[in-house]
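Presented below, as structure tokens, is a lone chain in the form predicted on its own.
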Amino acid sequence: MAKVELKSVKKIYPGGVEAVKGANLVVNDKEFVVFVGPSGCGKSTTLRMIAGLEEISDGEVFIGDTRVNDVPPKNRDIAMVFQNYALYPHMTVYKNMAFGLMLRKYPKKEIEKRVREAAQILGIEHLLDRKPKALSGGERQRVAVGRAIVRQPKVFLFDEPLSNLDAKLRVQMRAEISKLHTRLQSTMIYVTHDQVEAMTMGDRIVVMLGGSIQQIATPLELYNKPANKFVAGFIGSPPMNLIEGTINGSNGQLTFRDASGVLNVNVAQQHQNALQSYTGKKVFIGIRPEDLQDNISQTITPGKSVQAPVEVVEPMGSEIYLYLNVGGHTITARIHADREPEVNKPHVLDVNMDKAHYFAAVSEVAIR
């Protein structure tokens, strides 16, 4: 296996469209790194430059100690799994998995050994004589992964491999790929637009937007310490509530107040120093849905509570998602399903200000 390193890598298309803007990244040996972001953010383009399927406009890509900018894809010792399975319909599962090795003139015994081992790892030994049309979507995806495994490459590259599967199967295959990484102890780079996939699978996550890397961190670090407003709103389900307002100071106590005055809360002690210089200025406050706690007595505590009408109630089983109108903005709360608040009735929530996040209004970077 090997590490992958990107040094100021750019991709500029004809017309001057800069799809990737100077990406710098080191994927360590045996690490599972996930690229995540909305459509058009440059994550798949970056993966394809690593694979050699896209020409690099500027910068350098290393796999191990080898600079691979001018190395053909077939000589980079990588294996790629695509969104569409790209299986040969006229070949059996065995031949689909073996075909790449056959082209490279591997001995028949070695091919047999690798295919059987990969099939055992993926639980598809009983499917080796079938053709793709006789397989379910999940089984086809396993075959595509198996075709990559038999190569025994230095690096595995996954380009949104679960997008075509239904929700239940995506969850199952997510776990299968994570277990596969643990078993193979291989370097894997995985691209997805689904932040839940990213959070549950990656050792580290690379968040991208508009061709630029916004933050590289572990899942928990991304969740607890987002670098900017975009990362804060993108990571987490339901997403973080982000509301613009003003920092005010009086008698040594800073408060946050939105434009409507409905949300008027005291800044927690641990955030006071960082926000002192923002007194009188606009900032965004970020509050996770789970940090809006149900007030059992429905009594307003000044500086701690918010009262707003309920717009939508979504029962989720053990918990309820509440959507409330706070001064013209919809915010989401995640509360226990002990009771179900009424739609169009005012409801009181306590804000856990210790867990609040703050972002500068112009730069949108985190204030710490």
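One rule holds for the numbers: they count along the sequence shown, beginning at 1. These figures come from a predicted structure and were not determined experimentally.
There is another form of the same protein, the form predicted together with a small molecule; it is not shown, and what comes next is about it.
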query	finding
4.5 Å heavy atom contact, residue 64 and the small molecule in the model of the complex	no
The small molecule contact in the model of the complex: residue 25, any heavy atom under 4.5 Å	no
Partner proximity in the model of the complex: residue 52 to the small molecule, non-hydrogen atom cutoff 4.5 Å	no
Residue 332, heavy atom within 4.5 angstroms of the small molecule in the model of the complex	no
Option from 43 to 51, 302 to 310, 319 to 327, 26 to 34 whose residues, in the model of the complex, bring a heavy atom within 4.5 Å of the small molecule	43 to 51
